[in-house]
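First, one chain by itself: the form predicted on its own, in structure tokens.
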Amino acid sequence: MPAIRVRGVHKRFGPKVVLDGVDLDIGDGGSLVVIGGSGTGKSVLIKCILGLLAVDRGSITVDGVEVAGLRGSALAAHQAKFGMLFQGGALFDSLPVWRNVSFALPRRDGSARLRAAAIDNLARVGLGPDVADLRPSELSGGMQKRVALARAIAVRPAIVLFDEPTTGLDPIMADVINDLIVELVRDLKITALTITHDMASARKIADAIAMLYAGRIVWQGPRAMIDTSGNAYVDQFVNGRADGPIKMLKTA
């Protein structure tokens, strides 16, 4: 059974249809990248998987458990399976770096243990203990992204969701983050779901790629097939051409 199984998922906001029958499988321990332009429903799909949004119709199961209908402690247990790297990092500038990284860890562990755990996770993303007491605003964009990545893995989640992980980074730092994602997914045996429109990132971190357009998955296959998919939507998106079946969508 896939770690995440999405079948016939529909979601709309008023008259706007965002997801229009999405089918998607993410294998246990796999790294799936969902590509697509702005406003195609990628972020909404992640929120539905997390149980932050209820689907209008369809099914989402995580480790065989149906997400729809989860409430209270059951929903909390479901969400505890996930780590999340937010597009903008979403770090708390009122807290030092180590507090950010250890934010989701149990408070009962005490400050000394939480700090030690934070420093260990910072080391996993290539940052030393010297940054632990700094504020996020004192760090470069690339370092902030690493701190956010350290926080995402701190609770050793089974699944990590990456929301546009290279947004705002120069090409060199973006490649550093891509390499870190590949290493962490492999070393920690994480199932990864990434949403992005950055094809360089998709090519680096994916085992498989799916394309979301107009609320549907229009193609899914191994990363190695992305350039020979034979799918007009994929071809236009991958090659960045204005001519083709993809029409500009207004963002929600």
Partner chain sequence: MTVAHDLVGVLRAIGRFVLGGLASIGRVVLFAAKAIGHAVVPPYYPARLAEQLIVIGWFSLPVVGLTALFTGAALAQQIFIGGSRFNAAATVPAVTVIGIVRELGPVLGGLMVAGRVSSAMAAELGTMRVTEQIDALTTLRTDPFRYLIGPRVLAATLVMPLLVLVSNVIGVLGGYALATTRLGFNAGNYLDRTIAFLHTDDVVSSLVKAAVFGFIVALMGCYHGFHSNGGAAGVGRATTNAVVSAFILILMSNLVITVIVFGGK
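What you see is a predicted model; the values in this text were computed from it and never measured. Positions refer to the first chain, counted from 1.
The following text describes the form predicted together with the partner chain, which does not appear among the structures shown.
**Student:** Can Asp133 be called a contact residue for the partner chain in the predicted complex at 4.5 Å between heavy atoms?
**Tutor:** Output for Asp133 is no: heavy atoms all beyond 4.5 Å of the partner chain.
**Student:** Can you tell me whether Asp163 touches the partner chain? I mean in the predicted complex, with a 4.5 angstroms heavy atom cut-off.
**Tutor:** Answer yes; at least one heavy atom of Asp163 falls within 4.5 Å of the partner chain in the predicted complex.
**Student:** Quick check on Leu50: any heavy atom within 4.5 Å of the partner chain in the predicted complex?
**Tutor:** Contact check for Leu50: yes, within 4.5 Å of the partner chain in the predicted complex.
**Student:** So, in the predicted complex, is Arg107 in contact with the partner chain at a 4.5 angstroms heavy atom limit?
**Tutor:** Contact check for Arg107: yes, within 4.5 Å of the partner chain in the predicted complex.
**Student:** Looking at 139-147, 167-175, 113-121, 93-101, which stretch has residues with any non-hydrogen atom within 4.5 Å of the partner chain in the predicted complex?
**Tutor:** Single hit among the candidates: 93-101.
**Student:** Mind listing which residues of 142-156 have a heavy atom within 4.5 Å of the partner chain in the predicted complex?
**Tutor:** Residues within 4.5 Å: Arg151, Val155.
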